[in-house]
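In the block that follows, a single chain appears as structure tokens, in the form predicted on its own.
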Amino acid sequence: MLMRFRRLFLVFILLLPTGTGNTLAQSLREQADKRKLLIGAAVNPGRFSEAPYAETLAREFNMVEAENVMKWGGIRPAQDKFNFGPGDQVVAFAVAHKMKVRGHCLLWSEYNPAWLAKGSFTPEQLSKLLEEHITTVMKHYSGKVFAWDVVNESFLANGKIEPSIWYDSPGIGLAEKGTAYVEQAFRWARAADPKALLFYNDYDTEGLNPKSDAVYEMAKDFKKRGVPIDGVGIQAHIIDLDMAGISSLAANMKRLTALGLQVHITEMDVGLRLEKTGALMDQADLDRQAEIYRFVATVCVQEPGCAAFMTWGFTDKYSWIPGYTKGAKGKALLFDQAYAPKPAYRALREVLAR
């Protein structure tokens, strides 16, 4: 009887799932590493001291990006002062946990410090300021930040250039010359750090539309003329559950990668409808949210040129969506406020495990 029990026990042990076969027990990071895909999240270094935040981040992701502390408003509080401390904390966390760092961002019309946004600069002065800024920041993080969103959100929905401090108010001397100011920023960036990958990043450019067409035409022109651009970031901020706007994501990705560019999903979240109390309006929306994450992730893993998938934060506890929508939308990320994985997390993990 004892020998029979031992044989049955041995058979039971052999039939148990192994560490490699039990894919659903593995983290997003483990699955992404197998695919050689970067899986990341935007982070706030001020929250690294919160144990669940730091533990979840290190376990689930192999890439981080500073949510705000590397933008002009965070990194340059005064014209003659750079504040690298918070950004350095992001890099230190990444080094400690063997993660890559994406840089965000070197030029944007928003989140600029008051001294810059309200300053009375001539185009020549602004041009020198921008070149100095790009050079100083990129050299500081040379060898630490592997890719930069050099320029962020320059196009309107109709595909025209958005008026901004960098383009025409007052601009850097290239107003009314289309994407010439974007080109100049990329050239300065390449000179500052020749090894960093340089990206253009924008929202509402998931599918084929006038805005994504404009991004594509700019990238095509830059590649043709030797302007240093390595990739395009597709933000994927989705604040409704309608798939129509993202249904042509694969076609858009394919035309970009056909130019020899990388594509990164850079800021994904999917806002859900909320009651005034902050509760979900419809629990079924969690499954609909999961399917949108599943769709975008599937397109990415099926396109060889899609090298990274990143969410804008990772816990609903700190999502920007409720503030942006004045409480109408929220619960947009992979983990809930208590860091428990949601259906969207499981959908993403299943895609990576295929």
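Being a predicted model, the structure only gives us computed values, none of them experimental. All residue numbers are counted from 1 along the displayed sequence.
Separately, the form predicted together with a small molecule exists; it is not shown, and the next lines address it.
When contacts are judged by a 4.5 Å heavy atom cut-off, residue 206 does not count as touching the small molecule in the predicted complex. Though the partner is left out of this view, residue 67 does reach within 4.5 Å of the small molecule in the predicted complex, counting heavy atoms only. Though the partner is left out of this view, residue 262 does not reach within 4.5 Å of the small molecule in the predicted complex, counting heavy atoms only. Interface residue remark: residue 184 is not counted as part of the site for the small molecule in the predicted complex, having no heavy atom within 4.5 Å. Checking 153, 193, 131, 230 for any heavy atom within 4.5 Å of the small molecule in the predicted complex turns up a single hit: 153. Note on contacts: among 211, 76, 144, 237, the single residue with a heavy atom within 4.5 Å of the small molecule in the predicted complex is 237. Here the chain stands alone, but in the predicted complex its contact with the small molecule, taken as any heavy atom within 4.5 Å, falls in 68 to 76 among 155 to 163, 280 to 288, 119 to 127, 68 to 76. Proximity of 108, 267 and 312 to the small molecule in the predicted complex is complete: all three residues have a non-hydrogen atom within 4.5 angstroms.
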